[in-house]
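This document opens with one chain alone, in structure tokens, the form predicted on its own.
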């Protein structure tokens, strides 16, 4: 059904300029140009969670770069070879945009919260006024006489001739964006929105992923600007101002900011409504003005209240989904595995670690050792500092003082990503997963550091062999922990106990030799705890070291080889489970005193 609708859409696109008037063809051209920019915002804002109001400025970079190169008669000698050709102008515009976007992104993407969109507003306004104040760009008058595109010796001077160029490029952008999101790199990008800490712990370079989507969104905007310049054959700063940047963001949000096809829906709806309202509202109010902006503002409020995910998910629900039975479990050659350390060897050493948050000492002179092929339990009352200790060991937090060594290497100065690459993996006290993604995709994030195909192969679908191997590994770990029946369900639909089990599968997919489990039995029923106990015993038998934080004492005492007890950030006891259970200091900490 979905393929049939897509085929019908493509057929209608193909015949549109043959049956529609010049006005409607021009309208479709503007929809295509806007959709190209909105598509970048879907990737940047909807998927990556990075709000940008400045995309119109990147449209201007693409337009002005080509307009200048194809019209200037006094180009410097080193640039003279690039003059005259719109296709060289395209390459120059994309290159210039990539450089500017990389420089802006390097600073802007360090901001978070409301500071990020404010930063994009700042450079968006700056570039807009730069276009209007540079004399060689024509100032606010702009540049005219831009040559038309030539394709196979034909000049594309009319809107009908230009139509197919715009829509072919837009559909190509949709294709590569969908390919990217359906890949190892795409999962890393999707993890940026609400899952940065988890992704870093799984070996994802989130700063790199942010720059990637920022660059892609900017390049899509520059491509739209290049097409606009050679279709209009005239540019001035007006279409590249902040208000147009807001309009592009509006298109993405209304259409469905987290969906590729939402860009087309939003661009089509807003472009058509804008044209219709500009004709209708002056007649109603008896005066000219930008009344459509008022309507768009009201519409935005209604969309944010009634359909926060945009219109595309509403439309998509009208189309039957593929039957679950058709979803085959991924198959692929097994990934290489690290050699486990020798059983009994010290793999983690924590020496005299302090962690302070201002005046609060969360970990006070903590020391412990975990050996290969054993389960070490870290227990203590709530607030004892156990999860802080986990965060210091895994690189989420930097220690204030002391040393942490893993496999003989000091790691207390390393990032969580670097530590994950060395063979340590973890779960979290408060479950960290991506609820809208399937169980399979969530677990596949754990395999990220076991692949190496980059963005370009992902966009061109040239990494399918590696992708199948990564998904097959994720599927094996899902079966291993007993979640096979839920493999294609949304992770957010699982019960809390199953979500914790999912986190264990994700951690195992990274092929660790040390597994850090933060309250893995919380929320599990009796039989699920028994299954988890058996799994951890098998992992221990394979030579894996396990550091376990847990409040269920029956679970801990029946599984752990050694136990460390914490209270108020300090170690108060260490030993065999039976020794710890009878330790007066432990009884004092848990029960408030002994008789």
Ligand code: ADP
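Positions refer to the first chain, counted from 1. Predicted model, so just to flag it, every value in this text is computed and none were measured.
Quick note: we don't show the form predicted in complex with the named molecule, though the next part is all about it.
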Response to the item:
Partner-free chain; cross-checking the named molecule in the predicted complex, the single residue of 86, 203, 237, 385 with a heavy atom within 4.5 Å is 385
Worksheet item: Considering the named molecule in the predicted complex, which of 381, 297, 344, 492 comes within 4.5 Å of it through any heavy atom?
Response: 381
Worksheet item: 67 to 75, 439 to 447, 359 to 367, 192 to 200: which one contacts the named molecule in the predicted complex at 4.5 Å, heavy atom to heavy atom?
Response: 359 to 367
Worksheet item: Closest heavy atom of residue 275 to the named molecule in the predicted complex, within 4.5 Å or not?
Response: no
Discussion item. So in the predicted complex, is the named molecule close enough to residue 415 to count as touching (4.5 Å, heavy atoms)?
Written reply: no
Worksheet item: Any chance residue 429 has a heavy atom within 4.5 Å of the named molecule in the predicted complex?
Response: yes
